[in-house]
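A lone chain, given as structure tokens: the form predicted alone.
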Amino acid sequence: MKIDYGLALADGLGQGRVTKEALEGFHPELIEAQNWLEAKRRSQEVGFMDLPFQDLSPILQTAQEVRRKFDHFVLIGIGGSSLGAQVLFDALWNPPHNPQVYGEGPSFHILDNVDPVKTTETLEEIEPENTCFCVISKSGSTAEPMANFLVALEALEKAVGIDKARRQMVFITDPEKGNLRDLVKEEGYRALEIPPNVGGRFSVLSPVGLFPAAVLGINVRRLLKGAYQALKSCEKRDISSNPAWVITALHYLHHTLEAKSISVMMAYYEKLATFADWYRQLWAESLGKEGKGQTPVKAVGAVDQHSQIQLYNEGPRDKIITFLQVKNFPTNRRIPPLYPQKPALAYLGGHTLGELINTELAGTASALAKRGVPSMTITLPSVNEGHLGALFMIYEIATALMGHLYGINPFDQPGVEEGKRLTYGLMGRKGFQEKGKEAQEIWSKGKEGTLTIDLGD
């Protein structure tokens, strides 16, 4: 894996204050942030960096049983409880091209929203009696997964009865507290543990991501090995060899010196598109506090060259872009030279689609650089468990360091919690009546300006 960042520096752009000297001069701030994070780790306040050393036995044993017994696997979670597993599924679960996957295993489904149509269609697509439902919530109180859990449990109970229904559910939750943990103690559901010092959006390398991955047949040991190797690189105190430092410093300097308030991640490999979704949550929820942070945006190359790139090239100069590139695709296609007499077609003949998409990345980055838009390119030799594990760890560390530089806590989410409390009140949850009244008062103000459109029948 490598990071090319010359087009994020003034020399490559021909303008700007983020110079090579500025990057090298940022060393003391990075040392301070690194010391802070390592102290958090030593005190066990933050645990995501210790996940490469966990005992995988409970995860692998339970996953093997699920693969053997069930035809369908439904993950119920939201945000950090589902995005990591979605990345792993999209990027790695591809049996014809991935020899690490043994057999196809159960079909995979995610209920990460309370859209009634999606939930209904998912339950109609599977056979509940042949399905394992995995419910992921650290607190066991988040409305969306709890609602889908109750809906799924009712469907299971109708299909197989109460006792069997409990045996077809696996909870991933806090080891000691919360509503799901209470149900484990009271009713005997099977459960795996989320370490108390690992927050949801930092939990992909915990059972939250590893258990669904293992059910799919993905090699989770290699995921953790890649994460460990990245962790060792991110412990180096030299910006020329520490990938998290490079990502952190360039984003922070471009934000504070050049007002780059938007961070775009553009994947030139569709199977990595959901990694940009995962990054979007990590960056936004960790850093968007006290008026600080960058807005993360997802894009997919080459599709979004024909939509978003116009804005990035000629719109506001408020963006820094990270391209994700894959050197060796698991499969490729040669473009046949069918129309040599047509110049607009002839130049494509003999090349491959992989060559074309990576050349489009180079052309896009060059066009942006001509306009002074900074970018960096992360190139993976291929997409496998080790490389993804490394990428997860690098970005989690970079996010934590970025939070310290901003002077905020990157591990909480007070803005999310207030929305939850107001929703609890509106839905009639006991103890949140005053929040319900507050939300009703605010929501009613939106009705004071209303436009009704008659669409006929």
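All residue numbers are counted from 1 along the displayed sequence. A quick note: this is a predicted structure, and the numbers were derived from the prediction, not measured.
There is also a form predicted together with a small molecule; it is not shown, and the following applies to it.
For a quick test of understanding: in the model of the complex, does each of Ser81, Lys138 and Gln413 have a heavy atom within 4.5 Å of the small molecule? Answer is yes for this spot.
Please pick out the stretch from 235 to 243, 281 to 289, 314 to 322, 216 to 224 that is in contact with the small molecule in the model of the complex, where contact means heavy atoms within 4.5 Å. Single hit among the candidates: 281 to 289.
Heavy atom within 4.5 Å of the small molecule in the model of the complex - residue from Arg41, His27, Arg429, Lys420: Spelling it out, the residue with a heavy atom inside the cut-off is Lys420.
Identify which of Thr274, Gln168, Thr122, Thr142 has a heavy atom within 4.5 Å of the small molecule in the model of the complex; exactly one of them does. Only one listed residue qualifies here, and that residue is Thr142.
His251: heavy atom within 4.5 Å of the small molecule in the model of the complex? Result no; His251 lies far from the small molecule in the model of the complex.
Check Lys260 for me: does it contact the small molecule in the model of the complex (non-hydrogen atoms, 4.5 angstroms)? Output for Lys260 is no: heavy atoms all beyond 4.5 Å of the small molecule.
Answer for Gly200 alone: is it within 4.5 Å of the small molecule in the model of the complex, judged on heavy atom distances? Yes - in the model of the complex, heavy atoms of Gly200 and the small molecule come within 4.5 Å of each other.
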